[in-house]
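Heads up, the chain below is alone and in the form predicted on its own; it's given as structure tokens.
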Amino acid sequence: MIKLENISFDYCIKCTVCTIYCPVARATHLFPGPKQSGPDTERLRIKNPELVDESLKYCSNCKRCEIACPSNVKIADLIQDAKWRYLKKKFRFRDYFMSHTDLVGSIATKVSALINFFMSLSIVRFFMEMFLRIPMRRVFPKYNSRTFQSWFRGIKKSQSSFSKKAVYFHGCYVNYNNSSLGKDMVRVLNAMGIGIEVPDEKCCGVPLIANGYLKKARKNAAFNISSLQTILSDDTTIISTSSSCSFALKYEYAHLLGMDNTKIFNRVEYITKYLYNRFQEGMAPKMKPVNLRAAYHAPCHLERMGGVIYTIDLLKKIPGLDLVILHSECCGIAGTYGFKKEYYDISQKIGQELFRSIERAEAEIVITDCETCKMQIEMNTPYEVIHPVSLLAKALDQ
């Protein structure tokens, strides 16, 4: 019997705009496109699960099909759900350690100098490609020598002096790889008279979902929902500097994992939307000119949330910033997708138009809201890539 919750694909009007907009379908014939892999074949899979199409695994879950869909069909969710429900999953150590970021990160930060050194060696990357199927050319982010959480514990008392507070869900990347972004975020909000509270948290679950560890993703989601509910007060907002973390907390928890996140849903805001609203309330900090020409790349998940306009408007408020807004293109990395040998060439091909548009912009730096977009762009272009919050921190007149 077909369950009512399984017929959302019936809203598909077969216009194929999702396939035209799909970066993977443009890059390889191995993926027929979101319409065929999603709504079209979901009808067949419900009748007979053995009719599952192996091409499902090529979907990067970038959500661009859902951005384009005029009928609001959750196409990428249909594909992801089918991928892990019907396809036989093989255990790969590579997928395990790339998805269990808290486990790996907590160890790596303790021996960060050693890890960073060995990951820079060609011979190490050669063996990773041979035995783990991680492309030798793929550049990994470096690990911090100290987690953001441990740094924040040292300044936690200073945040109690602020009457207005925000709850910061920092995510794995800030905690283990780029604590300076978290520090910049604290600086900016403190300069606006806003204090920070940091809850206990686990990985948002995006890499776990991407690699099929849905049971673990649900456990993390349940922990995060409970932790965030506990720390929330009547007037606080949950903010994140990761567009993918924000998307997971608001949408992936409910749509893909089936978790009840209603108590936090309306309290979660991506950082640039939060800052934009505070600026509108007259809370903008004093800023000095940055005198930079910058190209802005909008991440796919932020586009799916409708949050790009807030980042652009916020950047336009930074004095001395000559902003070039790049045409909307997927960078190709899609989280852990571009770290896998079987998808690496597709990932690189997807990103070529974006890399060319960055070169044409003749900018000094590139700005993006997504950590993996940053990794992909820095690996394929000569430009430094920074987060909007870090640029705001540079502009603070202090």
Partner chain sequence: MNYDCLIIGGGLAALTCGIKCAGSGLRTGIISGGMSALHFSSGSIDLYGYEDDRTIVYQPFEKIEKIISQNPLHPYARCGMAIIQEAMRFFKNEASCGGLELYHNEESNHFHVSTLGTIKPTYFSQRSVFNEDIKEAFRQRPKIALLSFAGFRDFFPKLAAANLQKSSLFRHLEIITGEVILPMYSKTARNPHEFRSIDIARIFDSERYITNIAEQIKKASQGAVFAGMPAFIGITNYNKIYRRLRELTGIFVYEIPTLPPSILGMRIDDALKRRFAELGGEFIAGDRIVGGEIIDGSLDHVHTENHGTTRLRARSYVLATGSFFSGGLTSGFNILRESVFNLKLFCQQERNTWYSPRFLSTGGHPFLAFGVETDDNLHPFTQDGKTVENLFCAGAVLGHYRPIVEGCGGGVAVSTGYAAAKKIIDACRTSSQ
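The model shown is predicted, which means the values in this text are computed figures rather than measured ones. Positions refer to the first chain, counted from 1.
The same protein has a further form, the form predicted together with the partner chain, not shown here; the description that follows concerns it.
**Q** Please pick, from K341, R45, K57, R26, the one residue with any non-hydrogen atom lying within 4.5 angstroms of the partner chain in the predicted bound form.
**A** The residue in contact is R26.
**Q** Select from the listed residues K83, H297, R138, K273 the one whose heavy atoms reach within 4.5 Å of the partner chain in the predicted bound form.
**A** After the contact test, the surviving option is K273.
**Q** Choose one stretch from 309-317, 126-134, 234-242, 92-100: the one whose residues place a heavy atom within 4.5 angstroms of the partner chain in the predicted bound form.
**A** Single hit among the candidates: 309-317.
**Q** For the partner chain, considered in the predicted bound form: do all three of S160, N190 and F279 come within 4.5 Å of it, counting heavy atoms only?
**A** Per the other structure, none of S160, N190 and F279 touch the partner chain.
**Q** Going by a heavy atom distance of 4.5 Å, is P70 a contact of the partner chain in the predicted bound form?
**A** Heavy-atom contact with the partner chain at 4.5 Å: present for P70.
**Q** Mark K183 yes when one of its heavy atoms lies within 4.5 Å of a heavy atom of the partner chain in the predicted bound form, and no otherwise.
**A** K183: no contact with the partner chain in the predicted bound form.
**Q** Indicate whether the partner chain has at least one heavy atom within 4.5 Å of a heavy atom of A363 in the predicted bound form.
**A** Output for A363 is no: heavy atoms all beyond 4.5 Å of the partner chain.
**Q** Is Y251 close enough to touch the partner chain in the predicted bound form, meaning at least one heavy atom pair within 4.5 Å?
**A** Yes, Y251 sits close enough to the partner chain in the predicted bound form that at least one of its heavy atoms falls within 4.5 Å.
**Q** Which of the residues spanning 11-25 lie within 4.5 Å of the partner chain in the predicted bound form, based on heavy atoms?
**A** The stretch touches the partner through I13, K14, C15, T16, V17, T19, I20, Y21, A25.
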